[in-house]
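Take a look at this single chain, the form predicted on its own, given in C-alpha cells.
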C-alpha cells in the first residue's frame, strides 16, 4: 500500500525530547532531559480518595460526556485564579483543554493557513514548534535577551516577514521561566510587546505553564493583565501544579476567539475527560491549593539551588554560562561556539548522564552549542552526581576539541 498522506505531514517531526527519553531509560542514567514534574508533588492520596468517591457516587457527572467548553464548576475557579493574577477572563471566556498542548494545537488550527507566519523566541518551546509546523506555518525566530524578546528585532522581523509575502498571525511567548531558557520577561518588555502587537494588529499567545512556580524574586504582571485591547490568548496547565497525567489545562481569551476554539475542539475530541475535570473541581473545592503551591515551590527551589551550586563547583569555566531561573523547571547552558552538544551527547550517555540538546528549540538552525537541564525529577543527590558527571563530560569534550586529532 502507498498511503496518500496530507502535505502537512511532511513537516511533522518527532519530538527530540520524547525520543531522548527512551535513551534515559537505560539503567543508572541520571536524566536532566525531560521536564517531568516530580511525582512527590502530586496529591496522590487526595486524588485516590475523590476519584473513588466520584466514580461510585457521582457517575452521571464523572463517567459521562460533558460540554466542549468544560465543566462550569471547573471554569469558575479557573476564572478566579486568573483574576487573582490580574487577568479578567469570566467562565464563558475559558475553555478546558487536554493540557496546554491541545491549546497550542487549537490556536494553530484557528489562525494558521499554509505560509502564514508566527513570531517565536530563539529559543522557544518544542511543542509549540511542532503544533505550528503541523499547520505549515513559517516560524520566524526572534532573539531572546536576559529580560525577554529583543523588541527591536521583533519589529524588524514582522516587517521582513510581510515584505517576503507572509502574513504574520500571532506572537507566541512564554514570559515566565521560559521553557527552555528559564528566563523571565521584564514588565517593560511585556508592555513593549503589547505596543508592537497593537501597532501591527497581531494576537499575542501567552503560554504560562510555570507562572505559579515562582521560587524567588518579585512577580511580574502577566501580559494578559496589561492588555487593554483584548488581543491576548492565555494557555494554562494544571500539569505542574496538580498532576501531569490528568492532562488538564485551559485556554482563555477574547470571546470571539474562544467561540472559534470551541467549534474546533468539538471536531477534535468532543470534550475533555469528565473524570479528570471532576477531580480538579474537588481539588479547588476541598484542597489547600495555596499551601500546595507553596510546597511545590519550596520543593523545586531546593533542587534548583542544588543544581546551580553543583554547576558552580563542577562545570568548567572557559566560555560557559548558564541562566539562574527564579522559578519553573529548567535552566539553560551556553557553551563556546565550537562545542556541539549533539555531538557530545554520546559521551554523556557513556557517563550515564543525559540532557536535552539546544538546537531543536531554535527555528533558525542555530543553538548547537546550548543545552537544557531540568532539575525537576532528579533527587538532590542525583543532581550533585549528575552535574559532576556532566562537568567531566564537558571537560573531556573541550580537551578533545583542542587536540590535533580532532582538529
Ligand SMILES: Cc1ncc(COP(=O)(O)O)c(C=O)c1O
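Note that the structure is a prediction, hence the values are computed from the model and not measured. Numbering follows the first chain given and starts at 1.
Not pictured, yet referred to below: the form predicted in complex with the named molecule.
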Residue 227: touches the named molecule in the predicted complex, heavy atom cutoff 4.5 angstroms: no
Answer for residue 247 alone: is it within 4.5 Å of the named molecule in the predicted complex, judged on heavy atom distances? yes
Would residue 104 count as a contact of the named molecule in the predicted complex, using a 4.5 angstroms cut-off between non-hydrogen atoms? yes
Taking the named molecule as it sits in the predicted complex, is residue 100 in contact with it (heavy atom to heavy atom, 4.5 Å or less)? yes
Exactly one residue in 125, 335, 300, 89 has a non-hydrogen atom within 4.5 Å of the named molecule in the predicted complex; which is it? 125
Under a 4.5 angstroms heavy atom criterion, identify the one residue in 185, 82, 283, 172 near the named molecule in the predicted complex. 172
Looking at heavy atoms inside 4.5 Å, which stretch does the named molecule contact in the predicted complex, given the options 235 to 243, 67 to 75, 147 to 155, 163 to 171? 235 to 243
Could you list the residues in 199 to 228 that come within 4.5 Å of the named molecule in the predicted complex, counting only heavy atoms and keeping sequence order? 207, 209, 210
